[in-house]
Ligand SMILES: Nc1ncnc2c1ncn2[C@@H]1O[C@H](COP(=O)(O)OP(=O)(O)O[C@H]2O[C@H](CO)[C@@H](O)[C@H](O)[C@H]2O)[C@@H](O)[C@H]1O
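Here we start with a single chain on its own, the form predicted on its own, put down as structure tokens.
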């Protein structure tokens, strides 16, 4: 099968969150299974060029229709850790992808509408005809719309689209201008509830709704989150659209790349280890403490890695820090805030804890340091308000770091409480789960993890090994996606 992935991220060259890891990991798994995979990405000025091998011109002077005129683009080609990637570089007066950041611009909807248009033009003009186009999140939500409404009449009538939603909260909204820019036109046609009209704002078009409506298959990143989005509040207004399209909607749990996230081969950690050499994890704890200038006495180390925002349960992250310290543990945080107020709050806490030998807050993101934290920590807190899949707990398992999570989204599908998950035998349980979003709920789970560490070190190590035994590779998700692709190819 010939598959083209179109996305706004691909780790490690373009990574703002878990989307980049998923695009890379799934592409690699599909290739390992014998399929041909290519990726189309924006050429940002701030991406990690040191992770691209052999970058060269692939298609010059790509003419992309835009507002009745055209924008010239160059398409460059290179290999990102073995994956063949095409990078679209528009020569536009707005400098759409030359802004020193991936997201966060007022005109993001137009930036990614153009990228979607350019990606389809590249496929059409270069005569690439993939069996399946797999696109991701709101940034590419217009691709199935334009494919069905425009490009199928220009030699692309046989291409099928799988559309994966990683985060329902960010949906992409625009007005009539995007229709005239992309050549879709016909505002009354698209401003209808059956097509792109936002379910709650009749004056806005919704990119994600368009992707759901027009794609041949729609997925999100865990089975439980699919249920939450369809039947609960986590569809953020798209529940009815999902209901109308439920025949083509399902959850497929993300995997992680065990070539990248594996303490047996990780080049960023101090000492390699496996379930049989779990004692070597202590060398990484020592190395982490030395790097962050923490004390070296015998006590558990609790960590948080992730964005500091409302989705990640930032109020519970703050409480976890003080609860861990009050229980005699150490606490390490690695993450960047998504708002000035949250950043200011944690900057204050960082200054307050500056001389504490048991606490370190690293505000920002450091990929290499994250590996050492996973390897050196004993417990990882993931207190999310919502979590479509979550990669933190999956990585934690592999590194023998016990997760303490809130029971939402993909966390429900992957973390099974050692004390209370009666649906699984004790040897298949792997962490601690709480369900409410208050401080007391977090304490009940975190305290149980700390109590086990303090009172039964052998039992804690057994729990670590049970997590390390879990298989959350791309093997099973890869197989599920191939079945989805096969299903839509033959319709």
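Values in this document were obtained by computation on a predicted structure and should not be read as measured data. Numbering follows the first chain given and starts at 1.
Keep in mind that the form predicted together with the ligand is not shown, yet the notes after this line are about it.
Discussion item. Which is the contacting stretch out of 125-133, 303-311, 202-210, 340-348, given heavy atoms within 4.5 Å of the ligand in the predicted bound form?
Written reply: Going by heavy atoms within 4.5 Å, the stretch is 303-311.
Worksheet item: Does the ligand come within 4.5 Å of a heavy atom in each of 266, 398 and 473 in the predicted bound form?
Response: Per the other structure, none of 266, 398 and 473 touch the ligand.
Worksheet item: Hey, in the predicted bound form, does residue 391 get a heavy atom within 4.5 angstroms of the ligand?
Response: Heavy-atom contact with the ligand at 4.5 Å: present for residue 391.
Worksheet item: At the 4.5 Å heavy atom threshold, is residue 193 in contact with the ligand in the predicted bound form?
Response: Residue-level check for residue 193: no, no contact with the ligand.
Discussion item. How about residue 367 - does it come within 4.5 Å of the ligand in the predicted bound form, if we only consider non-hydrogen atoms?
Written reply: Yes, residue 367 sits close enough to the ligand in the predicted bound form that at least one of its heavy atoms falls within 4.5 Å.
Worksheet item: Hey, in the predicted bound form, does residue 25 get a heavy atom within 4.5 angstroms of the ligand?
Response: Looking in the predicted bound form, residue contacts with the ligand do not include residue 25, since no heavy atom lies within 4.5 Å.
Item to complete: Let me know the one among 166, 117, 160, 281 whose heavy atoms come within 4.5 Å of the ligand in the predicted bound form, would you?
Response: Of the candidates 166, 117, 160, 281, 166 is the one lying within 4.5 Å of the ligand in the predicted bound form.
Worksheet item: With the ligand left out of view, which of 270, 336, 176, 385 would have a heavy atom within 4.5 Å of it in the predicted bound form?
Response: It is 336.
Worksheet entry | Stretch 435-456 - residues with a heavy atom within 4.5 Å of the ligand in the predicted bound form | Contacts from 435-456: none.
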